[in-house]
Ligand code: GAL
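In the block that follows, a single chain appears as structure tokens, in the form predicted alone.
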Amino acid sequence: MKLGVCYYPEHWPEQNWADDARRMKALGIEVVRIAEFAWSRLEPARGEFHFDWLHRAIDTLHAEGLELVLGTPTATPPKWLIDQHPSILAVDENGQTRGFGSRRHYCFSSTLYRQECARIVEAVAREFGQHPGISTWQTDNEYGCHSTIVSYSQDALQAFRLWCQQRYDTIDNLNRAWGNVFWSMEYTGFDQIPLPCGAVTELNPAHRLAFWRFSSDQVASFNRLQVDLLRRLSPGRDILHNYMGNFTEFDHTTTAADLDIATWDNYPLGFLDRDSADLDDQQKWFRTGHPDSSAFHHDLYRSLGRGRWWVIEQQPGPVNWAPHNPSPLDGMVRLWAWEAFAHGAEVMSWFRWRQAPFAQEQMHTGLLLPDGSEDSACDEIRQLTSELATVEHSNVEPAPVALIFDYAADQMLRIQPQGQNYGPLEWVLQQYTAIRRSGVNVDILFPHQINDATLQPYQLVLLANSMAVPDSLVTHLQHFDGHLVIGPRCGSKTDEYQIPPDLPPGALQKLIPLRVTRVESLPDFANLQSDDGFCAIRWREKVSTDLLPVGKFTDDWGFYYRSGDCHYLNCCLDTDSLQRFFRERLQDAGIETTACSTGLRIRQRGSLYFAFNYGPEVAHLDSGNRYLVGNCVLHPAEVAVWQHQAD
């Protein structure tokens, strides 16, 4: 695993660059990302390109043996471009233009902006595409950050109508698919279709889902435009994009298909404080991040990158954008990096090299303080660098468990959650956590990329959130020779957001003979106990079947059904119950487990084993292990690495 950093030479006097490059190299940095926000310096006026400064910066960094990731600057169109073409700007659901003054101020559907992007990307690629210091390209930056996937502009309206016509062919097909006979919403032509905003009350969920799919496709085609140019003008170099954490506002699989590497930006403390609804979790993990948040995303993006993935932005200290911005516990910068290594990261890169003394991110920590002196993360990176040199890189082998995750299903569950306390991604993470608490590795798969060979390595497969299940996936699951867990709400809708004609779980009834005849969402105070000690929260389903339930609730609703090696969980469970449920399913599948304390996580990579203590208690490991890093007593924020001893 190489170490990297994000660097902005345009923010600093040129006389600092050589010293910065030398200090990066001395710290163990090998990869540097630059220029993804530099359009105004590269082209201060239309056609007036200023590339000399970037040539000097690249040459300076390359002279120290640093590999460079060069970003396309399209996330920040400059003011002169907005003044010439204000139609580039996105429009929110209230009809207000989202203006200039920060970043990501463009509409993906703007044909004019796509032309401008092609122009600047081609100019930059022609100028730097053959430079020996450029090993990798990054397209744009954080697609969708600040809720910028969706735009309600006139360009988006016209593009969406065309997308609908291509998808449905006739307006009658669209009306049937969306159920527009309800509330007299039928259209007589594609030119009547509005954008899904501004209605008196709830919008048609099928309309909203179609617009989400359209918006995802716009991101993919926007990205592909840049990728095609870069492949032609700078052949032989990898291309990546940096995704985000806890972010499902577009289908990442369609964009990732055109890229070589998936990278993501990991800010564990910011994500916990901004995204968690659990106050106990926020209190317990506020200096470490949730023990499974980083790991889940590592597994997610490793799958998106088809095995090739990086962390291109890693939190080195307090950030600036969360509701609260605490300092990480001493040791966490090192722990987060080791955890990325354990999941197979090619690069761990910190954001940023030096803390900016100006503008929006001046409160965001870097590896250096604004005056150039080192911040505390540098000592942890030095320790990490020396430790990494002692550990061999083993291959990342398939896990015994696969979790099938569906971006479209996540969106469907957000459109009609049927309960205010139901968080789709939160529920997926809770299932992932329950398996990890048993010391078991988890791989993440995507439904449209699965075939019989894909499933062959696994002993247990989990349908975590598959609301609409493709027929092809059902067929492959029928051929799967292992244990299958189907979670609640799976198969509960068709691809066009209707209840299946044969009732939920739809085509999954080919795997287990039952039908869901009633559902209920539960308020937080309603915790329902089964007769065998499981506790249901938030969501529950009533099932009609000849199968006997494994357990029952006090009102005689069944709890959990099984047919052979297929298991149907018909409710959401609290933390302890969910862990117990999956521990039993892992045992059914013959998977070896290791009970982990609340904050301890175990990960295997080849012959190496890793232990990460998120705290708050001291963890004790087997004293008989041959430790390469750490030892059998693991304090909070500490790491241990040991080699598997062959029998």
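From 1 onward, residues are counted along the sequence shown. In this text, all values refer to a predicted model and were calculated from it rather than measured experimentally.
Just so you know, the form predicted together with beta-D-galactopyranose exists too; it's not on screen, but the next bit is about it.
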Going by heavy atom distances of 4.5 angstroms or less, which of 237, 540, 364, 284 would be at the interface with beta-D-galactopyranose in the predicted bound form?
364
State the residue from 458, 222, 267, 212 whose non-hydrogen atoms include one within 4.5 Å of beta-D-galactopyranose in the predicted bound form.
267
Only one of these stretches, 181-189, 255-263, 356-364, 494-502, has heavy atoms within 4.5 Å of beta-D-galactopyranose in the predicted bound form; which one is it?
356-364
At the 4.5 Å heavy atom threshold, is residue 581 in contact with beta-D-galactopyranose in the predicted bound form?
no
Tell me, yes or no, whether residue 321 is in contact with beta-D-galactopyranose in the predicted bound form, where a contact means a heavy atom of each within 4.5 Å.
yes
State yes or no: in the predicted bound form, is some non-hydrogen atom of residue 351 no more than 4.5 angstroms from a non-hydrogen atom of beta-D-galactopyranose?
yes
Wondering, does residue 51 line up within 4.5 Å of beta-D-galactopyranose in the predicted bound form on heavy atoms?
no
Using a 4.5 Å heavy atom cutoff, which residues in 210-249 contact beta-D-galactopyranose in the predicted bound form? It's fine if the answer is none.
242
